[in-house]
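There is one chain below, alone, in structure tokens, taken in the form predicted alone.
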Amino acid sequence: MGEIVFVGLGLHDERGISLRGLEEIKTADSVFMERYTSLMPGLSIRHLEEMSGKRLRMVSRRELEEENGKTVLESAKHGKTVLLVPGDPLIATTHVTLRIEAERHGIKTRIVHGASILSAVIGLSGLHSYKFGKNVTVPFEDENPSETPYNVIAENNKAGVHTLCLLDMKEEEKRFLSIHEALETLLKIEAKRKCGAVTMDTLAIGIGRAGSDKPEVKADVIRDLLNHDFGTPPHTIIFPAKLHFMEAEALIFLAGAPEKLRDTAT
């Protein structure tokens, strides 16, 4: 039996891969890559193939989830197989099932970590990492939008912890939920629920293209964020709870928050 090495690609382009991750590709017998769990707007497959000297084979959500990763598992039976994953493998993605299935069949697995959106947006905002609660994904709106994101924000705020909201994407349709769309969806739920969790006066932090050379980071009340241009995706939102005074200072200087935010911090 061979092995499967899950390699994180980082956040924005092929330069985000670690040196160790690049070495794993170079010594692999087969290299697969998925792009459906996160958007890497600056990624060049050609450049990554030139860097590694290996041809990359794309695998779809259907192959990895509906078919239980059969293609990757079969490859790993005959040698070292690398699966390239945006971000940090098995953190903000859903490949744990594949890893369990591999181990169940006697195929060893390893992980080469990469930069994660979970830590990147916290660092960009300047908020304290230990003050984050449960994170949640805001899905595309349909006729009956899910109220789960709203509930998580409300529960975290009540507990005094921040909420990280990842925004939905449909890579195969080239659709990526924007900060504006996500806020509009949450405001509609607020209008129905009237719990005060997400109002026009709620402070939020919008982040565009974390991991790129020019990320866009803006903290303000939702009323003003709705008019802010965050540029191209991917986008992320943070709903902070009660702020420490150093967090308030960070948002003012790093995210352009109003200076009156100091008055609400402790």
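Predicted model, so just to flag it, every value in this text is computed and none were measured. Numbers follow the displayed sequence, beginning with 1.
Missing here is the form predicted in complex with a further copy of the same chain; even so, the following discussion is about that form.
*Asks:* Going by a heavy atom distance of 4.5 Å, is Gly123 a contact of a further copy of the same chain in the predicted bound form?
*Replies:* Contact with a further copy of the same chain, yes.
*Asks:* Would His78 count as touching a further copy of the same chain in the predicted bound form under a 4.5 Å heavy atom rule?
*Replies:* No, no contact at 4.5 Å.
*Asks:* Check whether Pro89 has any heavy atom within 4.5 Å of a heavy atom of a further copy of the same chain in the predicted bound form, and answer yes or no.
*Replies:* Answer yes; at least one heavy atom of Pro89 falls within 4.5 Å of a further copy of the same chain in the predicted bound form.
*Asks:* Do Phe132 and a further copy of the same chain share at least one heavy atom pair within 4.5 Å in the predicted bound form?
*Replies:* It does: once a further copy of the same chain is placed as it appears in the predicted bound form, Phe132 has a heavy atom within 4.5 Å of it.
*Asks:* Pick from 183-191, 169-177, 96-104, 78-86: which stretch has non-hydrogen atoms within 4.5 Å of a further copy of the same chain in the predicted bound form?
*Replies:* Looking at the other structure, the answer is 96-104.
*Asks:* Out of 206-226, which residues reach within 4.5 Å of a further copy of the same chain in the predicted bound form, heavy atoms considered?
*Replies:* Counting only heavy atoms within 4.5 Å of a further copy of the same chain in the predicted bound form, the contacting residues of 206-226 are Gly211, Asp213.
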